[in-house]
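Just one chain follows, in the form predicted on its own, and it is written as structure tokens.
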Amino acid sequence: MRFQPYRSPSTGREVRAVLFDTFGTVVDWRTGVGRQAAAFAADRGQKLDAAAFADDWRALYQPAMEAIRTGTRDFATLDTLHRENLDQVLRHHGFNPERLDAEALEELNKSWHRLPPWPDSVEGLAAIRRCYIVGPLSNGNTSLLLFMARNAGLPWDVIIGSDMTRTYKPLPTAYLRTAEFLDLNPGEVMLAAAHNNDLHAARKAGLATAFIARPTEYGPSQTADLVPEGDWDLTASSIPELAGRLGPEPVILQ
């Protein structure tokens, strides 16, 4: 007996693993980081524009990885890059990192380990996991993704961090090495993401693709990634909806 999985129109292969972009697609980084930064400031008797702090920290994410993608810097984990960027963001918001306790700064940096899931994420992942391998395909390092999963209750089957692939999306090797770790053809892996550029890169690498709309990832004024910008295999407004579009409970073939 075997399950009859979803067949990707773009790859022509049956999907065996549905892997997820994590920041913004599965977890709400803006709310989570903002809430923890506001508490950090309040503990020190200061007020903070928490949403702006989260946005500013996140804005340094791609530039920090670009030096590694281009080979001008050796690989460093996302935890390391976040910690380096944190000092710059703190200064911008009126803090002097040199006068702050190192342990407190490290704890604030771990805000990214404690991000809340979107309300539909855990239910949707559990539904997809009944039929497919599920896990993150993220620029997060393994320990970050592990602690995030434990804090948020994310039911991953496997976690393959960027410190294992030694590269960052959207380079093709980030997608291809993840498939290799699972011993799968790239076309048997589906990337589910709320970001069209991530899906474009995944498709070029030979993966199946699914767009999940997260229209408030960047707050109420978000303008990007409101709609799918490609002929992705599947589109959905939530992870449970994606589970439904992957098909009903699989037919068992004798």
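All of these numbers come straight from a predicted model, not from anything done at the bench. So that there is no doubt, residue numbering starts at 1 and follows the sequence shown.
This next part talks about the form predicted together with a further copy of the same chain, which is not shown.
Site test, Arg30, Ala193 and Tyr218 vs a further copy of the same chain in the model of the complex, non-hydrogen atom cutoff 4.5 Å: Verified in the model of the complex; spot residues all out of contact, no.
Interface membership of Tyr168, a further copy of the same chain in the model of the complex, 4.5 Å heavy atom rule: Looking in the model of the complex, residue contacts with a further copy of the same chain do not include Tyr168, since no heavy atom lies within 4.5 Å.
In the model of the complex, Arg130 touching a further copy of the same chain (heavy atom, 4.5 Å): Although a further copy of the same chain is absent here, Arg130 would touch it in the model of the complex, with heavy atoms inside 4.5 Å.
Contact label in the model of the complex: Asp163 to a further copy of the same chain, heavy atom within 4.5 Å: Asp163: yes, in contact with a further copy of the same chain in the model of the complex.
Leu176, heavy atom within 4.5 angstroms of a further copy of the same chain in the model of the complex: Residue-level check for Leu176: no, no contact with a further copy of the same chain.
Region of this chain that lies against a further copy of the same chain in the model of the complex, out of 141-149, 168-176, 89-97, 116-124 [heavy atom, 4.5 Å]: Going through the listed ranges, the match is 141-149.
Option touching a further copy of the same chain, based on a heavy atom within 4.5 Å in the model of the complex, out of Asp157, Asp101, Asp74, Glu84: Flagged contact: Asp157.
Partner contacts in the model of the complex for 23-59 (non-hydrogen atom within 4.5 angstroms of a further copy of the same chain): Contacts from 23-59: none.
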